[in-house]
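Next comes just one chain, in structure tokens: the form predicted on its own.
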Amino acid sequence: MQNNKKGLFITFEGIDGCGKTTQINLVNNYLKSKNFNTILTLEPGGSDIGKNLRQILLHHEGFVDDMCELLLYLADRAQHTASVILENINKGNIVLCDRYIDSTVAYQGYARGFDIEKINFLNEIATKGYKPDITFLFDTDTDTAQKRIGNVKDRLEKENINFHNKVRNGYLELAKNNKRIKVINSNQTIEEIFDEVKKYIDEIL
């Protein structure tokens, strides 16, 4: 924990369709039942400005340059970190965030091909160097994930299977080198996954 007098920052990561959104809601309900003050947020779109950026990033129907995509995600993160995450951490709240810095490394780094070191540098600028206390990475194979998404897909979900495999492998590579990231097998039942997540949550609390 970065500072036990302040709040906690917990992030949820994984390829599209991995089940992380279900788990973040379960964790939120669990913490509230224990009388913790929680803030449920997401990227992109966790701030007022971010809502507009999310619409562009996920639903723009025309051409979006890869560099434009990268910088828009970072702009969203800068605003989100300053106006939502740090503000609530400093109030002693527990911030639960659906995607954060690791998403950009996995999607724009490993999958799009941008230099990882440069992304890490830009993430440091956007977040003022602030990192999660713990990150849950929900790992499943891309075929299973795609079936869970269904037919209605956003701009990134529509990418080909090779892209999503690169994202998954990127996440697993990140987890190898970072003790903060806990890999959870999301091919289990929702209850089994949550039980595993809950053990980590109870430890950090």
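The numbering used is simple: start at 1 and walk along the sequence shown. Treat the numbers as computed from the prediction; the structure is a model and nothing was measured.
Beyond what is shown, the protein has a form predicted together with a small molecule; the following relates to that form.
In the model of the complex, the small molecule sits within 4.5 Å of a heavy atom belonging to D16. For L156, a non-hydrogen atom is located within 4.5 Å of the small molecule in the model of the complex, even though that partner is not displayed. Within this chain, R54 lines the site of the small molecule in the model of the complex, having a heavy atom no more than 4.5 Å away. Although the partner is absent here, P44 is a contact residue: one of its heavy atoms lies within 4.5 angstroms of the small molecule in the model of the complex.
Residue heavy atoms within 4.5 Å of the small molecule in the model of the complex occur in exactly one stretch of 148-156, 173-181, 133-141, 22-30, and that stretch is 148-156.
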